[in-house]
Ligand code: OGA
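A lone chain, given as structure tokens: the form predicted on its own.
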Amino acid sequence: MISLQKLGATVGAEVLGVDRDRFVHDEDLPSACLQALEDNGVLVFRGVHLDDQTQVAFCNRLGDIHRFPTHPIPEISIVSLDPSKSAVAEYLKGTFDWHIDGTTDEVPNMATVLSAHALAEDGGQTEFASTYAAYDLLSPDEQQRYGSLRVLHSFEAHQRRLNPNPSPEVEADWATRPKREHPLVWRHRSGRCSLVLGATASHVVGWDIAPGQKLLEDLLARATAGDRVYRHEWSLGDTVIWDNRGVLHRVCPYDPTSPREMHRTTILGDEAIA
């Protein structure tokens, strides 16, 4: 059993009374966390100071983990804007926009586990909004009208927000990246519904570009209105887990020269968007 304290009206809960030892030895903690994640979207563990080995061991009990064969610890990726620490530092600036991880993959990630190893002096908070709540708060008429729409998601749509005037070489690189069409409304096998939104959403299939983009921008603005967002103010040693299937997230901008460093483990998904 775990004790929870709600952090937001529609998303987020702090897990109370769990120290690093419980991550290793409490056999019931993973299943309790998975249920709490389904119910709350985001779980916050304050000041637990997980080392990489403990984080990986715990994540292995939550599900299958994404591995990077070239990383020193294959289950850990470093989130940093320092190119010497992260080969994708430049692309990580795209995380300043609201997004769902893996929308151009056949099956998006189930969850992300992120631990704070160094902090930004200013900025660097992480914000979360529930895509389940985004759907539930639509009117019945909107739920019906939007239920049949499909949206194209692409790496290019995400990166063009950062770089609206790319060089031909950059555009050519974007063109090699996958694109994927998804329903706007994800009907989960649990019976719940969520909206699939964010920076990778290029346009509504079959609509003129401008009105389709306006609809997507309006839905995103409503989903991430102030009272629907939980903003996590990081402290050193915090660990946060979020349900990527039902949560949008973004990082608040911070200085690229900042020492901010997060250690991320990704739990693979097993449910395609349908």
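For clarity, every value in this text was computed on a predicted model and none was experimentally measured. When you see a residue number, it is the position in the sequence shown, counting from 1.
What comes next is about the form predicted together with the ligand, which does not appear here.
The chain is drawn here without the ligand; in the model of the complex, the stretch among 161-169, 97-105, 83-91, 181-189 whose residues come within 4.5 Å of it by any heavy atom is 97-105. Using a 4.5 Å heavy atom cutoff, 126, 242 and 264 all lie near the ligand in the model of the complex. Between the ligand and the residues 152, 79, 138, 149, the one pair within 4.5 Å by heavy atoms in the model of the complex involves 79. In terms of contact with the ligand in the model of the complex, the residue from 110, 193, 114, 204 that brings a heavy atom within 4.5 Å is 114.
Interface membership of residue 11, defined by any non-hydrogen atom within 4.5 Å of the ligand in the model of the complex, is ruled out. Though the partner is left out of this view, residue 251 does reach within 4.5 Å of the ligand in the model of the complex, counting heavy atoms only.
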